[in-house]
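Shown next as structure tokens: one chain only, the form predicted on its own.
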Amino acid sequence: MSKLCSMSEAVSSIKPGAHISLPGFAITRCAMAFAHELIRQQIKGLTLSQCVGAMDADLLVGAGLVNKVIYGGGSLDRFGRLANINRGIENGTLAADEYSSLSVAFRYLAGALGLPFIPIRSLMGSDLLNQLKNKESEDIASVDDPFTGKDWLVLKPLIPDVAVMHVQISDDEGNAVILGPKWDNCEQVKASERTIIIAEHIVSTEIIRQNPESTCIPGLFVSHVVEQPFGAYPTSVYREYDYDSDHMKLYVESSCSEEKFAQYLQEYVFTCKDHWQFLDKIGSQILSTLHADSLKGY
């Protein structure tokens, strides 16, 4: 059964206050078109989780849609820090549970496996663990190893309401292919109640079946499928396009203050009825320079 729909329809399925798991890693394969539409529809009170904080999360926080982030740190790679997230944490308008990126991945893994908790060593002795303890987090605990009697730190599973995955290829049923690094995306999908796929290309199921081992997201987890070329712009997508350095610098400059960021949102989100209009504003001449080299992938 076809699950193909518009971005507006997919986003409208998300309820205020939902927990959304995002796919991005710094400035790579971020759900930017999805984030823009969330902002247009003003779906607020969100919790975001992400192994490594990225541009999509920072944009949503800057737009005032997010109450809480669960993440393993992050940045805009060479372009600088996640200014909106950091400012929200510093001024107290954003709650943040900060872990190591590995421990966030473990929490998704626990959710994917249906476990009540998962043991972990990597946080032991860290300031991150001390901060979580000082906040009296309900997502950490300790148990006795039934085999050795030793004390183990355990983490509560992450079970998002919706996982949003930006992929290179999908069919209209949501059977999706991620080329290049997958990070913890497969665990995010399996841990979540449902998944929304944003695909650069929609192909037939017959083509997907020609290489079944490449399908890392089965359609049975998917509720909505959206075809959106350049849907991660201005971030990069392996074998599709590189990030736009000039726009990244503009974003960083705009996010240095709430006033400047409001102007950015007005110019590049609110005045565009959809992502196609946003891409028209950027211009085909700029987008054409970003296409990935067929051999290198970037």
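When you see a residue number, it is the position in the sequence shown, counting from 1. Just so we're clear, the structure is a prediction, and the values are computed from it rather than from any experiment.
From this point on, the text means the form predicted in complex with another copy of the chain, which you will not see here.
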With the distance limit set at 4.5 angstroms and only heavy atoms considered, check whether 265, 273 and 283 all reach another copy of the chain in the model of the complex.
no
Flag residue 135 as yes or no: does it have a non-hydrogen atom within 4.5 angstroms of any non-hydrogen atom of another copy of the chain in the model of the complex?
no
Against another copy of the chain in the model of the complex, would residue 139 count as a contact residue? Criterion: heavy atoms within 4.5 Å.
yes
Can residue 154 be called a contact residue for another copy of the chain in the model of the complex at 4.5 Å between heavy atoms?
yes
Could you tell me if residue 201 has a non-hydrogen atom within 4.5 Å of another copy of the chain in the model of the complex?
no
If you look in the model of the complex, which residues in 102 to 123 sit within 4.5 Å of another copy of the chain (heavy atoms)?
106, 109, 113, 114, 115, 116, 117, 118, 119, 121
